[in-house]
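One chain follows as structure tokens, the form predicted on its own.
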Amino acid sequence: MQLYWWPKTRSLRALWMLEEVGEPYERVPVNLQQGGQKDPAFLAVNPMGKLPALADGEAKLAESAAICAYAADKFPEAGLAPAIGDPQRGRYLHWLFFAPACIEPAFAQKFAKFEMPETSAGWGSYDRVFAVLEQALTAGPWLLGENFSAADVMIGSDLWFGIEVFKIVEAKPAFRAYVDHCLARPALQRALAIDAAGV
């Protein structure tokens, strides 16, 4: 597997996921400062020219949630996704895609300070997104109770960015406890160290 990445980007999610999986992979740097996202070889993997992206033989994909889902299903022995047919799989998929569908637009709304009717916005509103997430995380320790999953990689990454990096999410007790559980995972610590070291 080849992970197309660059430090200090959304690539951290895929990096964390591959560290959780524990299978060999190669990091392929895409230097955003030097226009690497326009390289035809990279665009063949992700025509959008965005990071992260993954190539696994003939399989080529982008979008963090898709990469997490792909890796979890390819390596079921890692235990990062409920099996098809497991009732928890529905909620797992819900949270896996909640990050790009709700959290990211809510971040954009907060940063840009724009308002629109909740009924018109697919994510509702910034406040609604984080109220729903707080309720889901209150029971803990993970989104699926005792079972850590790829959905926690997506949500945990976004909450970590929102609290620690962007500083736009209030570190409410449920959020702080959840992010601390994430930070205690050796795979995330490895991913953060790789990200900090750069290329």
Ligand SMILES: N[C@@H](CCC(=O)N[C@@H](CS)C(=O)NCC(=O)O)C(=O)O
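One rule holds for the numbers: they count along the sequence shown, beginning at 1. Everything quoted here is computed from the prediction, not taken from an experiment.
We do not show the form predicted together with the ligand, though everything after this point is about it.
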Heavy atoms within 4.5 Å of the ligand in the predicted complex: does residue 189 have any?
-> no
So in the predicted complex, does residue 163 come within 4.5 Å of the ligand, heavy atom to heavy atom?
-> no
Taking 4.5 angstroms as the cut-off for heavy atoms, does residue 32 touch the ligand in the predicted complex?
-> yes
Going by a heavy atom distance of 4.5 Å, is residue 156 a contact of the ligand in the predicted complex?
-> no
Tell me, which of 137, 51, 69, 45 has a heavy atom within 4.5 angstroms of the ligand in the predicted complex?
-> 51
Looking at 170-178, 51-59, 143-151, 127-135, which one sits within 4.5 Å of the ligand in the predicted complex if you count heavy atoms only?
-> 51-59
Since the partner is left out here, which residues of 8-42 would have a heavy atom within 4.5 Å of the ligand in the predicted complex?
-> 9, 10, 13, 32, 37
